[in-house]
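Listed next as structure tokens is one chain, alone, in the form predicted alone.
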Amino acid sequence: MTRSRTLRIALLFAASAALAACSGASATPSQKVYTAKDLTVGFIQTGSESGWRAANTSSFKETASQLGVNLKFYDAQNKLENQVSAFRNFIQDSSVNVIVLAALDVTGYDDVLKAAKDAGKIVILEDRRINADSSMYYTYIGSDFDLEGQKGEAAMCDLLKNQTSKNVVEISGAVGASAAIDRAKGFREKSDACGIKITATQTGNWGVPESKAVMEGFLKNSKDIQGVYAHNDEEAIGAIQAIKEAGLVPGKDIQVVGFDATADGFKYLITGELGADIECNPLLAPQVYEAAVKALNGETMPKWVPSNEGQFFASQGASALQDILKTRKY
């Protein structure tokens, strides 16, 4: 390049810069790209009612440590009023830019959701849906509980296919929880076509002792029971204990279907006492933190991001189930 040409190019850039200055134009500064290390997450957990919930909590804590997320964790001790109070505290905490809620109920959050939106906080629902305007939260990450219920019905239908009577008792999850509502709904959608009759239903509140007591009550009222539809593994285990103490054989005299597919549930699948276990994946933190980063960067996402889940059956055989159990993290 000649000296004169270099001078002409320099003068051209100088003229362009002067013109831009005169016209009021300015360069757009580069936009900050947020990463996981920019996240301060206020996570409102339901409580610690089950092994599934413990795994869910561990997922958030361990993944936060791995990614450098600043996690502020709150255990609501299974009380809705505690969740609402924690929500307000995280809204007022200027360091928190994302609030993650594992809802205890499907209602009761409208006021805090509006307050969070007004404060510019990102809200992500995990594990459980709520009845609220979808504009009030960024996304929901979790299971399709209705579909899980349908899978539970299909499993029970198969387990009872050679039975003349198909009387099934239901041990439901906590009253008001979206998982309990939708698993009950999904199960009923096709149960009539299979000939299943739900003869009794009562909550076991996700726990073993209470579910055992519920099953004992069912058996006192009637021995004409061919199946138990339990909304999680703990409830299924409680039912199995009651069945055995009544002198009956779970998996033979009475078929049991559960949900979550935790390590404890697998133990009963392996013995054949639990006929089927529909998975509900608790390891949601990686998906939640990924969504939170996208939200900070102004990206849009679907209002529901499903988790990856499977289903397991006693008929797979003890050896195959043992091999699967070795690979599971919960």
Ligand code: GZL
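The model shown is predicted, which means the values in this text are computed figures rather than measured ones. Sequential numbering from 1, following the sequence displayed.
The form predicted in complex with beta-D-galactofuranose is left out here; the points below concern that form.
Proximity to beta-D-galactofuranose in the predicted complex, taken as heavy atoms within 4.5 Å, picks out 231-239 from the listed stretches 151-159, 108-116, 80-88, 231-239. Though the partner is left out of this view, residue 166 does not reach within 4.5 Å of beta-D-galactofuranose in the predicted complex, counting heavy atoms only. When beta-D-galactofuranose is considered in the predicted complex, residue 49 lines it closely, a heavy atom lying within 4.5 Å.
Taking the partner from elsewhere, residue 179 is found to have a heavy atom lying within 4.5 Å of beta-D-galactofuranose in the predicted complex. Residue contact with beta-D-galactofuranose in the predicted complex: residue 128 places a heavy atom within 4.5 Å of it. Only one of 41, 285, 276, 280 comes within 4.5 Å of beta-D-galactofuranose in the predicted complex through a heavy atom, and that residue is 280. Residue 206 is the only member of 203-217 with a non-hydrogen atom no more than 4.5 angstroms from beta-D-galactofuranose in the predicted complex.
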